[in-house]
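Okay, so here's just one chain, in structure tokens, the form predicted on its own.
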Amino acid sequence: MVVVGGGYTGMTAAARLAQRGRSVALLEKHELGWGASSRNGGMVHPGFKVGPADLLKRYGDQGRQLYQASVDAFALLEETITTDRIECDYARTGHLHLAYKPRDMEQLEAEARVLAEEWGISARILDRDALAAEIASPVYHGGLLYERSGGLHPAKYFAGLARLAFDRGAHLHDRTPAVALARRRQGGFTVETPRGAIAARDVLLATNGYSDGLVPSIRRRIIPIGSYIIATEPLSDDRARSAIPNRRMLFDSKNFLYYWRLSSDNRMLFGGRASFAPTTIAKARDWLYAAMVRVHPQLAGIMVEHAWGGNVGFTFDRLPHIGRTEGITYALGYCGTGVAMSTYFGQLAADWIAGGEVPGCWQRPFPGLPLYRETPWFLPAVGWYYAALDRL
């Protein structure tokens, strides 16, 4: 069994398959956990880029099952942390979805009703006055508060998953890219690497925003989009409380959204993207700092000590996908909401490879775009469109 991709999905799958007695070789092009699995904002919550009401509108009962799967994914992550004793600074903080425009409150109110009616999930609407107890910012008009969510240190969580996989006997190979993949006449696959070839009965592709041409039909369906984060110097307790009194995780309703939270050592972690055009870490750092100060004027003058970025793997329907193409299993496309879902997909993919079944809600077409191969030539125009919507 070969797993291509050494992030949350691949590592969870490797650990589970090794536990089942399968011989597993995991291949990672860079260092283990090099991509979004160690560089994300550490936000863990149910849901997708597509909201729950739109899931029901698009897919009916399958949409209901999809959202429930995201709830199950959140529960799985919490169970994994507890059962396997992963020290990753996890805290059940709750999160706020913030209304950037007054009319965005109507959508948040509708979402609260749908969550209560369809899934029995309590999410509380906060008007502008009530919001002041949760976030000291002049920017937002209200929000939707979910208690069932949390934050973690993404690299520490990944290290815990890697330890599980290693302890269970998986063979973990960093700096070992899979450069070619071919079917064998006698069944299975040959996976070529610079260090030699591996014969495998099964292959799992778990490369998300760093998918390359190894499986061209999948590469054409994944859109790599850059996302960036800054981390400030540690804040005093008083200043941290002045910004986010209850230490919630926060993100807003813009298309080019901001997402931010306090780390366990009181740094403000503030992330987002200004456009879909390529940029540098230095430019992203300066833009994010200015955005952070607009949202939290009380943080003006605070030093930024770290800045980084990486790719998020988007899909054309803004939902993750698990499936098979030419006998190769794939699990990817988290669209920026992948900490819990990638853990869930890793387990689901492993169980499927071991002979289990995939729920029907995941057996959906994986859309692509004509003429899209390697370079997402359409992103500048799409970015301009979404930026214009945010300004209206």
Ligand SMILES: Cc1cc2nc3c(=O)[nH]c(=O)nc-3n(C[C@H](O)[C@H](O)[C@H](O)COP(=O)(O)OP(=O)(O)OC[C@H]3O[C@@H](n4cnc5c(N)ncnc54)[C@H](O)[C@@H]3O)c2cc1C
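Numbering starts at 1 and follows the sequence shown. Keep in mind that this is a model prediction, so the values were computed, not measured.
As for the form predicted in complex with this ligand, it is not shown, yet the points below apply to it.
For the options 160, 310, 234, 142, the residue carrying a heavy atom within 4.5 angstroms of this ligand in the model of the complex is 310. Mapping the unseen interface onto this chain, residue 324 falls outside it, with no heavy atom inside 4.5 Å of this ligand in the model of the complex. At the 4.5 Å threshold, heavy atoms of residue 178 reach this ligand in the model of the complex. At least one heavy atom of residue 35 is located within 4.5 Å of this ligand in the model of the complex. Within this chain, residue 30 lines the site of this ligand in the model of the complex, having a heavy atom no more than 4.5 Å away.
Figure note: of the listed segments 348-356, 54-62, 362-370, 22-30, the one touching this ligand in the model of the complex, with heavy atoms no more than 4.5 Å away, is 22-30.
In the model of the complex, the residues of 172-210 lying within 4.5 Å of this ligand by at least one heavy atom are, in order, 176, 177, 178, 206, 207, 208, 210.
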